[in-house]
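For reference, the chain that follows is the form predicted alone, supplied as structure tokens.
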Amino acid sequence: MLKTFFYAAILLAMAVSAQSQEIVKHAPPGFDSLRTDILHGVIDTVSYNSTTVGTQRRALIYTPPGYSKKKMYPVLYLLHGIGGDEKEWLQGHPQVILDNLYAEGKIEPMIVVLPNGRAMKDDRAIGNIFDSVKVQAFANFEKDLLNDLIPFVQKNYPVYTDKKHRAIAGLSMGGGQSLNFGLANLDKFAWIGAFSAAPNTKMPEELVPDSAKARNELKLLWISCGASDRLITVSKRTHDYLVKMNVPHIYYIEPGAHEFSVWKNDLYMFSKLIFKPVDRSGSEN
């Protein structure tokens, strides 16, 4: 396992030019510890009208320290897993991770949207979460995201509206959604991150039917997973296909299973890369 981890770490270090930004490394101790000596961002709950679902839906929105309506911001849409909702990521304290990174000057100011990726009228994570209707609701979220949530954010927050300033990432089921939605809408997302992608992830040939287009349109494609995660085969099959088709990406295997210790580290590393110049010449391709 250690050999695999260090090999992946070397590939990751190669993927980012030292001239464009700091080389991304595994999160250091204390990266997710609340600090009282720095400025903090704010998380608000919002409601938006979903024409896709036919109801009002909720999302959490993180605005960074020093947020001002007079500035323009890029947006990261951060998705949860099959057993969660818009609040699931709070288990990993993303606002603390981001606040600490802002204080160290390591990430770009951004707005982070944490939606409920289960696009159905009763979108609570209750009962049989694996029911086919609920699983289908995760696929239906693509329409809700593109047609309802993104327009709501653009109307109510000072955000850039081009794909170069829009990222999508998620854990488990949300990782699969990020690959499915992001790669199917390369005109909408230039930065895509999948953390321990679940089996809802489409087969690689369907995800990337046009490798030349993916190479030209993407700023960053990130795939990571815990070495002990039983779902690692999903990430590996995608990675293997991307290598075969010569599509630049970062493939990061780290210690851990299907758990928040992995996903917090992924958020730490991924957020440091997005909305910045990235040299992909050394990434896996």
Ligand code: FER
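In case it trips you up, residue 1 is the first one in the sequence shown, and so on. This one's a predicted model, so the numbers in the text were calculated from it and none came from an experiment.
The form predicted in complex with the ligand exists for this protein as well; it is not shown, and the discussion that follows is about that form.
*Asks:* In the predicted complex, which of the listed residues (198, 190, 153, 137) lies with a heavy atom within 4.5 Å of the ligand?
*Replies:* That would be 198.
*Asks:* Heavy atom within 4.5 Å of the ligand in the predicted complex: which of 82, 110, 149, 97 fits that? Just give me the one.
*Replies:* Residue within 4.5 Å of the partner: 82.
*Asks:* Counting only non-hydrogen atoms and a 4.5 Å threshold, tell me whether 178, 202 and 241 all contact the ligand in the predicted complex.
*Replies:* Not a single listed residue reaches the ligand in the predicted complex, so no.
*Asks:* Okay, which stretch from 66 to 74, 212 to 220, 227 to 235, 42 to 50 lines the ligand in the predicted complex, with non-hydrogen atoms inside 4.5 Å?
*Replies:* Careful reading of the contacts points to 227 to 235.
*Asks:* How about residue 116: is it within 4.5 Å of the ligand in the predicted complex, going by heavy atoms?
*Replies:* No, residue 116 sits far enough from the ligand in the predicted complex that none of its heavy atoms falls within 4.5 Å.
*Asks:* How about residue 168: is it within 4.5 Å of the ligand in the predicted complex, going by heavy atoms?
*Replies:* No.
*Asks:* Given that the ligand is not shown alongside this chain, does residue 249 nevertheless sit within 4.5 Å of it in the predicted complex, heavy atom to heavy atom?
*Replies:* Although the ligand is absent here, residue 249 would stay clear of it in the predicted complex, with no heavy atoms inside 4.5 Å.
*Asks:* Do residue 183 and the ligand share at least one heavy atom pair within 4.5 Å in the predicted complex?
*Replies:* Contact check for residue 183: no, nothing within 4.5 Å of the ligand in the predicted complex.
*Asks:* Between 253 to 269 and the ligand in the predicted complex, list the residues on our side with a heavy atom within 4.5 Å.
*Replies:* Only 258 sits within 4.5 Å of the partner.
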